[in-house]
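Below you'll find only one chain, the form predicted on its own, shown as structure tokens.
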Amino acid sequence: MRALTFQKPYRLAYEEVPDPALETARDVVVRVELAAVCGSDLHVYRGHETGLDIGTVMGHEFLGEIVDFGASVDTLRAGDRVVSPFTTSCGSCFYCERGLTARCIEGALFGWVEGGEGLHGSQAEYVRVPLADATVTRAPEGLDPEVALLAGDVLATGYYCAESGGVGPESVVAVLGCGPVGIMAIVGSLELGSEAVYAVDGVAERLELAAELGATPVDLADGPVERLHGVTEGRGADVVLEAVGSPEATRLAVDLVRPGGTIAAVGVHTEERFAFSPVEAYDKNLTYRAGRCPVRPRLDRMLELAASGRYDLGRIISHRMPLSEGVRAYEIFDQKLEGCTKVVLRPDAD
């Protein structure tokens, strides 16, 4: 099959790789209809996350049709169209039983192979899904596949960020970073009742999209700290949702949040130290929550939200490209060219 593979930082290849096959009785193989390029893919692409084997198939957002399944798969069959979280999960270990499927003891992240161990990704014609019964779910009939695709990562992650921050009807929320996850954090905040959501970014197209969804846009160049202090009697935001994954974003979050407030971070951080001190955390009575979204317990609910039509979620997709143009797709997304907000790749368009 053809796939996008990692070669070294800033260099991918579109090349022929072996077709995935069933390796255990709990696996399925999915023919990928749609795959997306995610902001967290860029951490590998840019070399900020290291250790990935050369030749690893990239990607972890996908929707497609099951073409083969193992003997122990109970709930899925060939022909089912499924959407998947970006990690697999068994559904029964200590962490899965507590809803923390992102830390399943048997789970794996799609698109991460290191030292020969791990799981290839989904920016390919086919992908193997271990622990399939507890990992994937059927995409609802009638739901736009592109919108269903979003539920498996960015929608669930953005919503989880708002949940982690404790967003509620009286919350003044600042969302840092209006990429796809940040945009979905706005959706999550609105769903949880906040009527005061401020979207902070420096890219005009992203701020426009945030405004369309109901947030108040705040350009980084316009002094977001002063702006938020100005509308909160000098306190700052009750909740800051950080969807960037950089020390600069962490620093700004600390400056934006009020004493006693909460920062919820779902941006992937690769630095070794926090951009704030224990003294600052103590002096602000700060709550800081971070980590990978446990998608699977939220996936059905996110698909219902996507199908509700309350938000034009597909609006975040700016580029639809054949998988064969995936190398260029990464360049466009990485450099924010052509007003890029989200790229969806189609293997069958090659």
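Just so we're clear, the structure is a prediction, and the values are computed from it rather than from any experiment. When you see a residue number, it is the position in the sequence shown, counting from 1.
Separately, the form predicted in complex with a small molecule exists; it is not shown, and the next lines address it.
In the predicted complex, none of the heavy atoms of A124 sits within 4.5 Å of a heavy atom of the small molecule.
Using a 4.5 angstroms limit between non-hydrogen atoms, C93 is distant from the small molecule in the predicted complex. A residue is said to contact a partner when one of its heavy atoms sits within 4.5 Å of a partner heavy atom; F333 meets this definition for the small molecule in the predicted complex.
Among residues of the shown chain, V268 is one whose heavy atoms approach the small molecule to within 4.5 Å in the predicted complex. Residues with any non-hydrogen atom within 4.5 angstroms of the small molecule in the predicted complex fall in just one of 177 to 185, 135 to 143, 110 to 118, 67 to 75: 177 to 185. Comment: the small molecule is not present in this chain, but in the predicted complex one of L323, C293, L34, V28 has a heavy atom within 4.5 Å of it, namely C293. When you look in the predicted complex, the only residue of L42, I317, L299, L286 with a non-hydrogen atom within 4.5 Å of the small molecule is L42.
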